[in-house]
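Let's start with one chain on its own, the form predicted alone, as structure tokens.
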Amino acid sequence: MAAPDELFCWEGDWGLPSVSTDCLVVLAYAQFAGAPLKVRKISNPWRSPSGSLPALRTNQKDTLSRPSDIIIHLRKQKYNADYDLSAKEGADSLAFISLMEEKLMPALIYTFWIEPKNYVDVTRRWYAEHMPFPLNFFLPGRMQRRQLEKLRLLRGDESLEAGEELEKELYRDASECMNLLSQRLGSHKFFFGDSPSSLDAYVFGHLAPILKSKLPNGKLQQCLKSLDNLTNFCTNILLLYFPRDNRESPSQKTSSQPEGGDFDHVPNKRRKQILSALVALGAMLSYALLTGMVSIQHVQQEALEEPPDLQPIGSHDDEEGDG
């Protein structure tokens, strides 16, 4: 019997199996389709086979990172949550997924990565606290820059700048998208009949972080909470498919350990010391080679300027990004 494919994804938090939208999409689809994946929840993307999260390592040793590519692979393995969809339902599903990419994803990026208070108090802090040293000093900032570039690409505006005007426009588009999703869902449990499909996975992956995170600027969350059927939709999926994550308290989460690892035979304290030393050495050497001394000096200066409670710089699963 072939070994199961391995899925690497960001760790979870806030009662979610992952803090990453892309990871949530893949995790939900795998649950819906019954795919027997070996899930590794991590907080260091450099430990994934692709250097980003999510990442699927197949039993043929291929690596896939985009949620759409991972879902296509699972379908080829006969794990197809869309098997019973009609041609029209399949077309509707693609249309709504495209709508979310165009209208909802920009607002998600802005909410978690661009809006100043949310980014400093929640997003950067979470990754800073969960990533190992020394990645915690520079990876959150690098991730933010990538998300800003993604937002510019989605908006088709290279000169895009944060501000009240942009925020209003993004939240208006997101509200329009959520209202259309709410109308399509109606009083049903899932979008197409009694079983969840890929559309349900995408909607859950995009909406659950908005619903469950505790953001200082909660405008997008307020808009979602005004749509009872969508909030119930997210809650029901968590109860049905991720009951362990849904009930996990912050204290329980802190004490839990990620699945698997090359050092499972080493006691936890000793294992952490070994991993920290290896990661620190590898990260510093790699970073020096990739960016040069000027960039390193810049990072060190940024680190010194961080508020004291952010100096240790990484929830349910791993992850990446693509959220």
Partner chain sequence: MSLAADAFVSQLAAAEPWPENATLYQPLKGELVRSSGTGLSVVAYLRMCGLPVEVVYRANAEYMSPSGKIPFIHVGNQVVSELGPIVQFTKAKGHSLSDGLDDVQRAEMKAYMELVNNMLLTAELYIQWCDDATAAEISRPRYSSPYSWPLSNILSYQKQWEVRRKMNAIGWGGKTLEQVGAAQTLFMLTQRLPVLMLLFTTELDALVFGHLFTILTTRLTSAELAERIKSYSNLLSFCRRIEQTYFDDKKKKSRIS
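Positions refer to the first chain, counted from 1. Just so it is clear, the structure is predicted and the values come from calculations on it, not from any experiment.
Heads up, the form predicted in complex with its partner chain isn't pictured, but that's what we're talking about next.
Handout entry: Touches its partner chain in the predicted complex: residue 66 (any heavy atom, 4.5 Å)
Key = Result yes; residue 66 sits at the interface with its partner chain in the predicted complex.
Handout entry: Contact label in the predicted complex: residue 92 to its partner chain, heavy atom within 4.5 Å
Key = Contact with its partner chain, yes.
Problem - 4.5 angstroms heavy atom contact with its partner chain in the predicted complex for residue 129 - result: Although its partner chain is absent here, residue 129 would stay clear of it in the predicted complex, with no heavy atoms inside 4.5 Å.
Exercise for the section: Decide whether residue 194 counts as a contact residue for its partner chain in the predicted complex under a heavy atom distance cut-off of 4.5 Å. Expected result: No, residue 194 stays farther than 4.5 Å from its partner chain in the predicted complex.
Handout entry: Heavy atom within 4.5 Å of its partner chain in the predicted complex - residue from 229, 183, 222, 236
Key = Only one listed residue qualifies here, and that residue is 183.
Exercise for the section: Would you kindly say which of 145, 117, 214, 168 lies with a heavy atom within 4.5 Å of its partner chain in the predicted complex? Expected result: Answer to the contact question: 168.
Handout entry: 88, 103 and 153 all contacting its partner chain in the predicted complex, non-hydrogen atom within 4.5 Å
Key = The answer is yes; 88, 103 and 153 each reach its partner chain.
Handout entry: Stretch from 118-126, 204-212, 172-180, 132-140 whose residues place a heavy atom within 4.5 Å of its partner chain in the predicted complex
Key = Heavy-atom contact with the partner occurs in 172-180.
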